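A lone chain, given as structure tokens: the form predicted on its own.
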Amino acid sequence: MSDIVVPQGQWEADQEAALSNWLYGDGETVQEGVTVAEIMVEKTSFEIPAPTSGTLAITVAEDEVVVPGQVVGSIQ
């Protein structure tokens, strides 16, 4: 199992970020390196790639506020 983690160091610590979109559904198979989710910080979007290939397990819903380093899902 590999955690899907919100990247660190890409925006200022005082800016609020939200998980704006999952590009695959819970339980879908994904390939390593594909973009599985997007984070929106103000009007800028950041992509989160799959850390490995496998089955996606989502633990944070769309539109929830997230912080750098937070685990938002996993690949099993």
Partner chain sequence: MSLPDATVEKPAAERRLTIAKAMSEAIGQEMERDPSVLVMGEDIGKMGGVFGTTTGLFEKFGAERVRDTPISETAFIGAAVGMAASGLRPVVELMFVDFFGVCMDAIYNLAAKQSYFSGGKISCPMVLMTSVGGGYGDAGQHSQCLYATFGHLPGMKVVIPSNAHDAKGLMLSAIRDDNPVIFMFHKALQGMGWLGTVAGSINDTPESDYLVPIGKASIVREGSDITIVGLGATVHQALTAAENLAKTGINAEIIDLRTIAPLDRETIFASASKTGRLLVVDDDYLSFGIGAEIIASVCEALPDPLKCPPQRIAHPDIPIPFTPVMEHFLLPDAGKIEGRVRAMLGENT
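Numbering follows the first chain given and starts at 1. Quantities reported herein were computed from a predicted structural model and do not represent experimental measurements.
Keep in mind the form predicted together with the partner chain is missing from the figure; the text below concerns it.
The partner is absent here, but in the model of the complex a heavy atom of 21, alone among 59, 21, 52, 55, sits within 4.5 Å of the partner chain. Contact annotation for the candidate site: 1, 3 and 9 all lie away from the partner chain in the model of the complex (no heavy atom within 4.5 Å). In the model of the complex, the partner chain sits beyond 4.5 Å of every heavy atom of residue 14.
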